[in-house]
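Here's a solo chain for you in structure tokens, the form predicted alone.
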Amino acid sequence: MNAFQRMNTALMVDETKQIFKVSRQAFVDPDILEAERTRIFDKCWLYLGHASELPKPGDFVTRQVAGRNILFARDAKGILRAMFNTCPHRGAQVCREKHGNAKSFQCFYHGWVFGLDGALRSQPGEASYAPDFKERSTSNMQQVPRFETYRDFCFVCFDRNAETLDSYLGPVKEYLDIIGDQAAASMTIVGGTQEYSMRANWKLLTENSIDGYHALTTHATYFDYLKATNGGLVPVPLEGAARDLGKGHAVLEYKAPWGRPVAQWIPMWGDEGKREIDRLYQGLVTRFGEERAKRIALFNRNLFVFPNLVVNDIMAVTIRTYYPYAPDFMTVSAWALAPKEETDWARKYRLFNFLEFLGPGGFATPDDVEALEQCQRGFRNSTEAQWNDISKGMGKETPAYDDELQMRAFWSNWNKHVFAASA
């Protein structure tokens, strides 16, 4: 019996003393990672992509999701499909390109041809097979067991018995609606995928993505830069609240001093920017009324969907997902999201904001990568220095955006999944 099998929790929790600690073994133990693969990533709804990435029939992208090769495509009828990218004949990967447009998919090994819906169309030597071979479901590329969408966010689940996506997301939908409502028409992915990796446990990025506590220290350079930039800030304090959305989901919602193309103006954007922001804001008021318009325009959101999806609606909108390859190594994929109909002016500043702070070469990501890799190095001492403390804000009726309620929400659900079979 290994150390993980002897445990029934990774948490030390005492509500009366306001103690919430996480064992650092959870970040370094290969047996923990194996349990996460089977009890979390094989069971939960996982983000696959955004419908706007496939605007036309025949459009496709290939993705790695929880160790599986997935072909995400729009078929000839315009229906979105999520298929295992595996030939039913000998198992070869059928589509080898990362993205494109196709009329069909052909396996290079023996030349089997599949339609955009994964159905077998033809294969060399067809006369040597049984007459009904093409009619058998086992002759087609397999569909992912569960594939559902909400507001063009597309998810897969490998557990056929999982609850519906609608039920799984629950209160998360309110925040996806706020983000989706930024657009009068629809939201769209802008450009391609940003891919990078870091030598850190995947759960560290979960914590970091919803950690308002680290912003002023880890990203001090960014705030110094904004302060030194003429007109780069407005006098709005960093303040707001954290919310536990259940099932491990959480959100920070807060005001912030930077410019938001939807729709918080900063002096640096000048009179042209003021006119554009005023126009965008009036559009929101017309569609949703003053109260909701202010919430959409002036509040930032760091939204976390258990186990590994982050939607940052801050100075730009990003979608980010990540997967572990080892206890101390993860890969990250990220996309920029924007209103499809926005003007060239708004798109320029949105992408400027995205690259300036959120992109892999911006102010934020290198700082965060350094911080998380430093944590992973610190965990080498986990045999003696055993615990992480995330008790900040325990006992508060309304935790602030820089408290740690959201991490406790994640870890409580993580613990439930990982140790459920051991309890």
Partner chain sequence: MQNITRADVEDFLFAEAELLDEWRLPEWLELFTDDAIYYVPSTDVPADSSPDKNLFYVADDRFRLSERVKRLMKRTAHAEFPHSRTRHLVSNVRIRSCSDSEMEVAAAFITYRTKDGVTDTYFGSNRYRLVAENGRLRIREKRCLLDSEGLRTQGRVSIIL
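Residue numbers count along the first chain shown, from 1. Treat the numbers as computed from the prediction; the structure is a model and nothing was measured.
Another form exists, predicted in complex with the partner chain; not displayed. Remarks below refer to it.
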Check your understanding: Taking the shortest heavy atom distance, is residue 360 within 4.5 Å of the partner chain in the predicted bound form?
Key -> yes
**Study point:** Non-hydrogen atom contact residue 59 with the partner chain in the predicted bound form at 4.5 angstroms
**Key:** no
Practice item. State yes or no: in the predicted bound form, is some non-hydrogen atom of residue 303 no more than 4.5 angstroms from a non-hydrogen atom of the partner chain? Key: no
Point to revise | residue 370 within 4.5 Å of the partner chain in the predicted bound form, heavy atoms | key: yes
Practice item. Have a look at 293, 310, 332, 176 for me and say which one sits with a heavy atom within 4.5 Å of the partner chain in the predicted bound form. Key: 332
Practice item. Have a look at 341, 224, 132, 126 for me and say which one sits with a heavy atom within 4.5 Å of the partner chain in the predicted bound form. Key: 224
**Study point:** Stretch from 225-233, 163-171, 145-153, 107-115 whose residues place a heavy atom within 4.5 Å of the partner chain in the predicted bound form
**Key:** 225-233
Check your understanding: in the predicted bound form, do 39, 55 and 187 all reach within 4.5 Å of the partner chain through at least one heavy atom apiece?
Key -> no
Exercise for review: Between 330-357 and the partner chain in the predicted bound form, list the residues on our side with a heavy atom within 4.5 Å.
Suggested key: 331, 332, 333, 334, 335, 336, 344, 347, 348, 351, 352, 354, 355, 356
